[in-house]
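Below you will find one chain, with nothing else, as structure tokens; this is the form predicted alone, and questions on how it binds or moves follow later.
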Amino acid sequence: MPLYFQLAQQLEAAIEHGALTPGSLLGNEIELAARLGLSRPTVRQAIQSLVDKGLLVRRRGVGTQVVHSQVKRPLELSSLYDDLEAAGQRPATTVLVNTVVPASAEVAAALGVAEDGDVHRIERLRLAHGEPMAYLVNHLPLGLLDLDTGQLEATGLYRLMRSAGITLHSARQSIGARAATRDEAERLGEEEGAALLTMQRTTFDDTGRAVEFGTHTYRPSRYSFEFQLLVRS
């Protein structure tokens, strides 16, 4: 395994486990190379690989600085708010839209309601450490629960649903990627056309009723989905 890759793995592990906290300075390449007994090109390549992942940033006059570890979300029925809290990322939410709208054909089919019937629509920007992580659009059947804007900004949607007595049982989910539109790029702090992760999910309660249809976009530099695959004999 190349030395630069070994160093990059060690630094990434230190960031993810909190040994290197956000804002920590690594020093310049010459200092790091001398401290670690490695060549400067090896250190430069390792640092660049973590800069490309969004874990480090080079700041003129400051040096190389730790940004934040990437959130690795397991593919299970959990909320982004809970995942960010578990990763120590200090989640915050800005509610952009909280209203009632006619259901589109796609939303109606997902929720099992009449097309053009009223559904609740919420749009939120989810942040961690003050940086945008994801843009979340959710549709819910009307009258399911009270969707107060203040509560939506204080906690996660799934927590509100559970506190209202809704038992979340299962979900149907698809994951993809596409280029950011101008509006999405502005919301998420990315360049127009930058790659974004996408996730679409329909969530069901323990009676089999569809209780939520979500369409979410994520910054891949700060977020990933994690799979565990089993070999079938």
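In this text, the rigid core denotes the largest set of C-alpha atoms whose superposition between the two forms falls within 1.5 Å. Since the model is a prediction, treat every value here as computed from it, not as a measurement. Residues carry their position along the shown sequence, with the first being 1.
The same protein also has a form predicted in complex with the DNA, omitted here; what follows describes it.
Put simply, of Arg187, His169, Arg44, Lys53 only one has a heavy atom within 4.5 Å of the DNA in the predicted complex, and it is Arg44.
At a distance threshold of 4.5 angstroms between non-hydrogen atoms, Arg182 is out of contact with the DNA in the predicted complex.
At the 4.5 Å threshold, heavy atoms of Arg201 stay clear of the DNA in the predicted complex, well away from it. Mapping the unseen interface onto this chain, Ser39 counts among the residues with a heavy atom inside 4.5 Å of the DNA in the predicted complex.
At least one heavy atom of Asn28 is located within 4.5 Å of the DNA in the predicted complex.
The stretch that touches the DNA in the predicted complex, counting heavy atoms within 4.5 Å, is 44-52, out of 190-198, 171-179, 203-211, 44-52. With respect to the DNA in the predicted complex, the three residues Tyr4, Arg58 and Gly63 uniformly fall within 4.5 angstroms at the level of their nearest heavy atom. Comparing the forms between this form and the one not shown, the C-alpha position of Pro41 differs by 2 angstroms or more, with the core used for superposition.
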